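In the form predicted alone, a lone chain appears below as structure tokens.
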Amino acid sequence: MARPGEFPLLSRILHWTMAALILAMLFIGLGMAASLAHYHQLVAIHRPIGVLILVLVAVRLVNRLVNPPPPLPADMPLLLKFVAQASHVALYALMFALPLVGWGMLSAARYPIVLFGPLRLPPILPHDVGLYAALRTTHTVLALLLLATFLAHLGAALTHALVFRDEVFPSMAPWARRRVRIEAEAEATPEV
């Protein structure tokens, strides 16, 4: 059970798992663009992780609806609250869009989407070389937007942790919340 002002355990697990997967995917994508020698090995990793992200973001969205996030600090300016909410909408939209565009891109190129062994995803779009080219460009642009949004989210989290020193960062990082509680208890304990 989550304490007041803290994300539930499932929310935290999904958040940190997806952060690691998205970061890995961004590096794998950069590696695919930079290395023809390892391209096929990287694609073989990239596809199933993309599908896993698509599944996890759906689970995460349902979890967010069932377990709403704790409120932002009351003294946080309205503009910052709006930016925080808009950035979360952008993150969710990009986490859904990128795997779907990738799936559509591969479908349009008639590339099989192999998950593991004989397990494959069905195509979601008809074979069309022009559509493949457009979706490939779209996938790249969306990946760059996700990278920028990811970095902005990280910057905002670090700003809350290091500058504002409010409860926003500790609400998702339980190790930080525990440190804050220990410090608060130490300050509240009278010296003997």
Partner chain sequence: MPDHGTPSSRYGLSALIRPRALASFVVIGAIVAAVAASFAYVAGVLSPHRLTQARMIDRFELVNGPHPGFRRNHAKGVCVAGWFDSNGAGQRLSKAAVFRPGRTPVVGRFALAGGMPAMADNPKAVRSMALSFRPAGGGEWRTGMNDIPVFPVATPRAFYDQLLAARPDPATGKPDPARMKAFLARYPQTGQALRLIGAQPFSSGFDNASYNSLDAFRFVDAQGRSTPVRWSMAAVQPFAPEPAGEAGGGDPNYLFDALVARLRQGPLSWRLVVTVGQPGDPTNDATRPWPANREHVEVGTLTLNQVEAESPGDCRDINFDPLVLPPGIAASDDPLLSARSAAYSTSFTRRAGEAKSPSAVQVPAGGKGA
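Numbering follows the first chain given and starts at 1. Computed from a prediction, not measured in an experiment: that's the story for all the values here.
Below, we refer to the form predicted in complex with the partner chain, which is not included among the displayed structures.
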{"item": "Position in contact with the partner chain when the complex is considered in the predicted bound form, options L145, A34, L125, L61, heavy atoms within 4.5 Å", "value": "A34"}
{"item": "Proximity to the partner chain in the predicted bound form, single hit among A90, L100, A109, A84 (heavy atom within 4.5 Å)", "value": "A109"}
{"item": "Non-hydrogen atom contact L65 with the partner chain in the predicted bound form at 4.5 angstroms", "value": "no"}
{"item": "The partner chain contact in the predicted bound form: P71, any heavy atom under 4.5 Å", "value": "no"}
{"item": "Exercise: L23 in contact with the partner chain in the predicted bound form, heavy atom 4.5 Å", "value": "yes"}
{"item": "The partner chain contact at P48 in the predicted bound form, heavy atom, 4.5 Å", "value": "no"}
{"item": "Any residue of 127-147 that, in the predicted bound form, places a heavy atom within 4.5 Å of the partner chain", "value": "H127, V129, G130, Y132, A133, R136, L147"}
